[in-house]
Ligand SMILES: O=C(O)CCC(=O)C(=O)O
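Below, in C-alpha cells: the form predicted alone, a single chain.
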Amino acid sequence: MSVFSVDHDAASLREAFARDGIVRLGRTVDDAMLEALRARSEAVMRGEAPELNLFFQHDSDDGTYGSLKRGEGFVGPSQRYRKVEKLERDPIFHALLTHPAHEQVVRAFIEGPVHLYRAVLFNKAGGSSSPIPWHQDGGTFWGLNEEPFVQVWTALDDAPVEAGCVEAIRGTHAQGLATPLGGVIPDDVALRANAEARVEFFPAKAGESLLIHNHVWHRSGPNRTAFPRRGFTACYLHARVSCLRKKRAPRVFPLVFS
C-alpha cells in the first residue's frame, strides 16, 4: 500500500490555504490502500474491532441531521453509521494519517512535534444518509487552549455532488468563528452571509484529498446514489495545544510526527 506525494510546494500551499481555506491536494491514495481502507471501514461498522473502543454515531432513521441520537455508541452491525472516531487506534487508518504525504502537507504549517486531535470516518450510506449543515470545526465546544486549523480529508469512494460531496465557502475562515461555541452555524447567521449564493461544490474521486481549514464554512448534502460515500479526515495539532476540560481528565493527544 502506498500514498502518492502531494503536488504542492509549501509556499504555494500556504498561500492558497490562507486565501481560500480549502485546497485540492489531488490524488494521494492508491487503489490498493483504498481497497484496504474500505474493507476495514465495513468491518469496523460490523463490530469486528471491539478491542479498539471506537466512538460510533448511527445515522438518523428519517435521514435528517436534527434527528440524530447522541450517546448511543455502537448499536449493532450496520453500514449506516454516519461517524466513527478514534480511528488512530486502527493500524490501517493509522498508516494513512501518518504517511509521509500527510506529513508533507502538515509540515507546511506546523513545525516540531505534531499531535492528532481526531481521526474520523464520515460515512454516507447509499440511498439513506443525513446531510451535515454549515459548520466550523472549532470553538469552545472543542475544549482546547488553541484553535486547530489543519485537517486533511480523503475520499475513500467517489464523492460526486449527488453523493453528498464536500461543500464550502472560500475565505470564510478568515472571519473567525461565527459563534464562540463553534460547530453548527445558526441559520440566521448563514442567511445574513448569503451562504447559499456563495457555496462551492468540491466533488472528489476516490483517493483524492482536500486540505480544509477548521474554520472555513463547510457542509455536505445527503447521498442520493445507491453507493456508499465515505470520507476520512485527520485533524492535526501543534504540540503546544492542550485540552481544557475539567469534568473529566483532560485528553492526551497522540504524537504522529516527531
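Fair warning: this is a prediction, and the values are worked out from it, not measured in the lab. Just count from 1 along the sequence shown to find any residue number.
The same protein also has a form predicted together with this ligand, omitted here; what follows describes it.
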Item to check | Sole residue of T172, Q151, Q104, T98 within 4.5 Å of this ligand in the model of the complex, by heavy atom | outcome: Q151
Checklist entry - Heavy atom within 4.5 Å of this ligand in the model of the complex: which of F74, F122, Y117, F109? => result F122
Checklist entry - Should H135 be counted as a contact of this ligand in the model of the complex, where contact means heavy atoms within 4.5 Å? => result yes
Checklist entry - Even though this ligand is not shown here, does Q57 get within 4.5 Å of it in the model of the complex, heavy atoms only? => result no
Checklist entry - So in the model of the complex, does any heavy atom of S220 sit within 4.5 Å of this ligand? => result yes
Next on the checklist: Under a 4.5 Å heavy atom criterion, is T225 part of the interface with this ligand in the model of the complex?
Outcome noted: no
Checklist entry - Want to guess which of 135 to 143, 109 to 117, 180 to 188, 84 to 92 is within 4.5 Å of this ligand in the model of the complex, heavy atoms only? => result 135 to 143
